[in-house]
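For reference, the chain that follows is the form predicted alone, supplied as structure tokens.
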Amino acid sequence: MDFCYGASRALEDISLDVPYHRVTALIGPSGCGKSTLLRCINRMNDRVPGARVTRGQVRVKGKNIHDADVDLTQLRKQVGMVFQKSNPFAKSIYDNVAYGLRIHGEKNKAVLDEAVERALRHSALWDELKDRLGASALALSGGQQQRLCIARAIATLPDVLLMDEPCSALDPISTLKIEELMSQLAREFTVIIVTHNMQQAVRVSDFTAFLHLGKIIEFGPTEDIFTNPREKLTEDYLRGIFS
């Protein structure tokens, strides 16, 4: 796949099969195309004027996501996303988690209650918040807000969960909780994360793709990438020769 912003090519010759129910990390220097690639998977780049796939396809479960019959709302239900900065809505904790389900027409309170509890349990928030579901999400700590955004993203039971630098604005304790969550979430979802933190990639991911100047230089099991990289460019990056 090639991807362009106007006349500028941001991604070139991307070929990548993301393993099912595993955590895949995208690493590389700033501006290498990590976030652009992540946003290609649920067409978030469609919001940028002139942004387009110029060659190739993006397939989720075998379906080309740019086919004419693809509904964007359904695609983003299938491919959830957690952003770098937590962005809870100015609503209650309950309404934040139930939001996606309601958008898709779910009105049954019993179904919503079950989905909210399930998502909050998966996000390690239920015990902390079960007696405060009517409180404003904006009153939560930064780490809790980010975990709430994860709960919101997984409440609709997506196939894929995209996470763009989900810990970059968090303190070490909150970061640890999010990292522990990633491994648990991979049991039910295919997780793809963008991270600048090499140690984090080692701790949480099963597979790692190293990008440089819009190209995938190397992809494989995380342990192999970090202990025995095949490409000198990968080795130089991991050694900190450039960043």
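One rule holds for the numbers: they count along the sequence shown, beginning at 1. The model shown is predicted, which means the values in this text are computed figures rather than measured ones.
The next section is about a form of this same protein that is not shown, the form predicted in complex with a small molecule.
With the partner omitted from this view, the residue of T175, Q200, S35, N42 that lies near the small molecule in the predicted complex is S35 [heavy atom within 4.5 Å]. Here the chain stands alone, but in the predicted complex its contact with the small molecule, taken as any heavy atom within 4.5 Å, falls in 27-35 among 27-35, 66-74, 53-61, 175-183. Against the small molecule in the predicted complex, the set V18, V79 and H212 makes no contact: no member has a heavy atom within 4.5 Å. Using a 4.5 angstroms limit between non-hydrogen atoms, L233 is distant from the small molecule in the predicted complex. Residue contact check for Q84: one or more of its heavy atoms lie within 4.5 Å of the small molecule in the predicted complex.
I14 falls outside the set of residues with a heavy atom inside 4.5 Å of the small molecule in the predicted complex. Proximity of D95 to the small molecule in the predicted complex falls outside the 4.5 Å heavy atom cutoff.
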